[in-house]
Every structure is written in structure tokens, then in C-alpha cells.
Ligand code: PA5
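In the form predicted alone, a lone chain appears below as C-alpha cells.
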Amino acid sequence: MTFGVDFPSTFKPRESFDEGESQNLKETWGLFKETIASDEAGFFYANSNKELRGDSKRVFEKFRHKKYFVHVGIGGSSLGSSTLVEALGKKDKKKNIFFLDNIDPEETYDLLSSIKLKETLFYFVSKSGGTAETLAIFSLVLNQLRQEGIDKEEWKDSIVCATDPNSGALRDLVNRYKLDSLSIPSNIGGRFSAFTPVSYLPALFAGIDIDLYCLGAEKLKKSLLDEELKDNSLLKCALYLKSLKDSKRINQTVFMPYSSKLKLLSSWFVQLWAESLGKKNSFSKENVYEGLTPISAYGVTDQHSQLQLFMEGPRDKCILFLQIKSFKHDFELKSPFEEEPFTKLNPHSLSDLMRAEFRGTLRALEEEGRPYIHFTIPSLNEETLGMVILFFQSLTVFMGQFLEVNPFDQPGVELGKKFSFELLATKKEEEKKSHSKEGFTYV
């Protein structure tokens, strides 16, 4: 199979179960299949929705003349998109694609002052249409456009929104000002939106073939749904992680691709894993405080920083490695120097060194008895990245079933938002009182 999965010889997944375990496993598997086929979770089959791709291509053709593309979103409304562009974007195209994924005033100033607003397409992404950070950037961008002489009648030439098809503040603005828009299906949350226009439009601006990207996910589905559970890599990985948690208290998951182009994939995984699995309450109990803590890393850079901890620190981590077997470009390491460090490298290439360091890390982990899962793809392209994305989305949902938590909600995040708005309201009231004391009256 193009997408490979392997485990260390010291920690193999279980292959036999007693009758009760087998029954529980079948029930969990059945629940997973029901979940991905339900109206409440549309991520698994989103890649086969040609209408979503067609709409994205239509908008791209209308605005492809724009020199700059600025994607405004936060969390799941940005991470999948930036991962795609960083991993697969054409070098000459992605240099003019920017992601505003925070509300840092300094970063926002630096970006807006470095581009020509009249030559820019702003892509505002919010599933709910009411994300405070996205609306804040929307407001200040409108102010900047006004200063450039771009009035509300012309906003439609500079703005596209991606949001819920029926409701929310962004949808209201789309309707009011006749803006172009793309729909995020109501049953797909932000962190599961990598196969929606959230990612499609920036991918098209970066020169990425979104049809091949979706085809890769489609090719993987057969193995993900394999009824021969002993041969199903998705199930084996979930069982492995669950057994490590239950029997060895390993509750931290390191995601470590060996590729600089996939550095942002680690950030994408961290949000997916943390927001989906970290829950206070389970389906049947309250105050369980469940979850698996994700850690972002990438090779070989983190061999010289975090690996020491992974190798000899607390035995509470499982590392998920993602290896690219073959690179498109390579460099010979032959040099004119006769010193031993150079002569050792002379017969080899840069990719030889990367593979050797990766294999050495696996061997060292085995020597220390540290668990890991080794994922492989033959090369990095649209199809293989589509496979990777769908696999880890599916693994996250399956782990949610095992941990008996809802992988699609985020009540802790919502509570933080509630308090943030309360603080803003309190600050406004305090300002009113302060001005009133100084002799001012608010109308």
C-alpha cells in the first residue's frame, strides 16, 4: 500500500483478543462506521464532493489575477490550508500567499504594510461566521481598504468569505454586500475542514492540484474501512495507542515528520488531536479529564533538541514518525577536504544522511524500549498528502470512540470565548464610568 504503517519489534500491537474484547472491538468499530456515515460528521466523505471543488475553482478563476492572497482564519480555519500550501505550493506562487492566523497587532501591521491592498484578495474563513479574531481582522481590513479609496461598493473585488451556507455574521455580510463566498458544510468543523473550500482556494492559488489531493484520500478509504480488522492499519494504530495509555500510562503523542515541508503538518495534528480528544466529560461520565497530549516536532531538526527528552526522559510518550521515502531533489556530499568528518560523507547524498539519521533514531528508540509508530509515503505529492490528512482525521475520531469522548465539540474553547467577551464588556463599562467622572456623557 502507498501509505505504510510499521511498529517497533519491542512493542507490537496485540493480534489476539478474548471473546469479550472482540465483541467490544466490533461494537467500537461499528460505532466508528456509523459516525463517519452520519449527518453529524461529514469529514470522511467530503473529498468526494465535486461541488465544493467546482465552486472553489470558479472563485479562483475570477480572482486569479490578484497578485497577493491573504487567508484570514484561526485554528482549524487556517492550519489545514497553510499545511497544504507549505508542503505542496509552487515556489513562485506561495511567496505571495499569506496567512493571518493571529490577532497580533505587530504581525498584522507588518503584513498589511508589505502588500498592495488593491492587488490583494482577502479570504475570510470562519465556520460559525462569528469568530471574534476573524471578524476583528475583517473590520480593520475594511478600514484599510477605505483609506485606499475602496468603498463598500467595491469590497466585492477584494473579499471572499468561506462560512456556513445559511447563517452567521459572515453569511449576513456576504448577502448584504454581494460578496463572493464559498460554503463550509454545516456538518464539518474547522479542524476537519481540510477537504473543503477552506483549503481548496488557497491551494489553487498555490498551484496545487486539488483533484489529485482528493483522489489520494479516496484511494485510502478502502483500507481504512477494511473489515479484516487484523489487517486494518487504522484500527491497529488506535489499539496500539489505547493499550499504551491503559497499560503503560503513555498519554503523550509526539508527531514527527521527517520533512521541513511538513513542519506545519505537526501543528495541524496538534490542534486536531488536542481539541478533539481533550475533554472534561465523556459520553457516560463527568469530570474524567480525558485526552492524549500532542507534541509537535520534525526531523532531523528535533533530533538536536527534543529527542534527548523522548529518548531518556519520562516514559509517557509515543512518537508518530512520518517518513518520505524519496525526495524530488538531492545533493551529493563529496567535498575536496580530507579530514575524517568529510570523508565519511563523501560517498553519500543529503537524502542518504537524512535516511540514516532517521533509521538511527528508530534503532536507538528500540534499544531504549520506547514505543513509536512508523508511517511512510513513497514521495510527497498531492495524493500522498491527501492520504495522510484523511488517515489522521480518521484516527482522531476512532480514538475519540475508544476514549468515549465527543471528538467534534470543543466546550473548553467555547468557555474561554465567553469569558473573553465578558471581559471586553466589563472594560467598556469601566471606560464609560471613567469618562463620566471626567465630565463626559455617553449617548
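The first residue of the shown sequence is 1; numbering continues from there. Given the structure is predicted, the values throughout are model-derived calculations rather than measurements.
Quick note: we don't show the form predicted together with 5-phosphoarabinonic acid, though the next part is all about it.
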Review point. Should Glu86 be classed as touching 5-phosphoarabinonic acid in the predicted complex when contacts are defined as heavy atoms within 4.5 Å?
Key: no
Review point. Could you tell me if Pro371 has a non-hydrogen atom within 4.5 Å of 5-phosphoarabinonic acid in the predicted complex?
Key: no
Practice item. Using the partner position in the predicted complex, report whether Arg191 sits within 4.5 Å of 5-phosphoarabinonic acid, counting heavy atoms only. Key: yes
**Study point:** Close approach of Ser128 to 5-phosphoarabinonic acid in the predicted complex, 4.5 Å, heavy atom
**Key:** yes
Review point. So which of 269-277, 151-159, 352-360, 324-332 is the stretch with heavy atoms within 4.5 Å of 5-phosphoarabinonic acid in the predicted complex?
Key: 269-277
Check your understanding: With 5-phosphoarabinonic acid left out of view, which of Ser56, Gln410, Thr28, Thr396 would have a heavy atom within 4.5 Å of it in the predicted complex?
Key -> Gln410
**Study point:** One residue of Ile137, Ile74, Leu264, Val254 in contact with 5-phosphoarabinonic acid, assessed in the predicted complex (non-hydrogen atom, 4.5 angstroms)
**Key:** Ile74
Exercise for review: Scan 97-124 and note down the residues that get a heavy atom within 4.5 Å of 5-phosphoarabinonic acid in the predicted complex; none is a fine answer too.
Suggested key: none
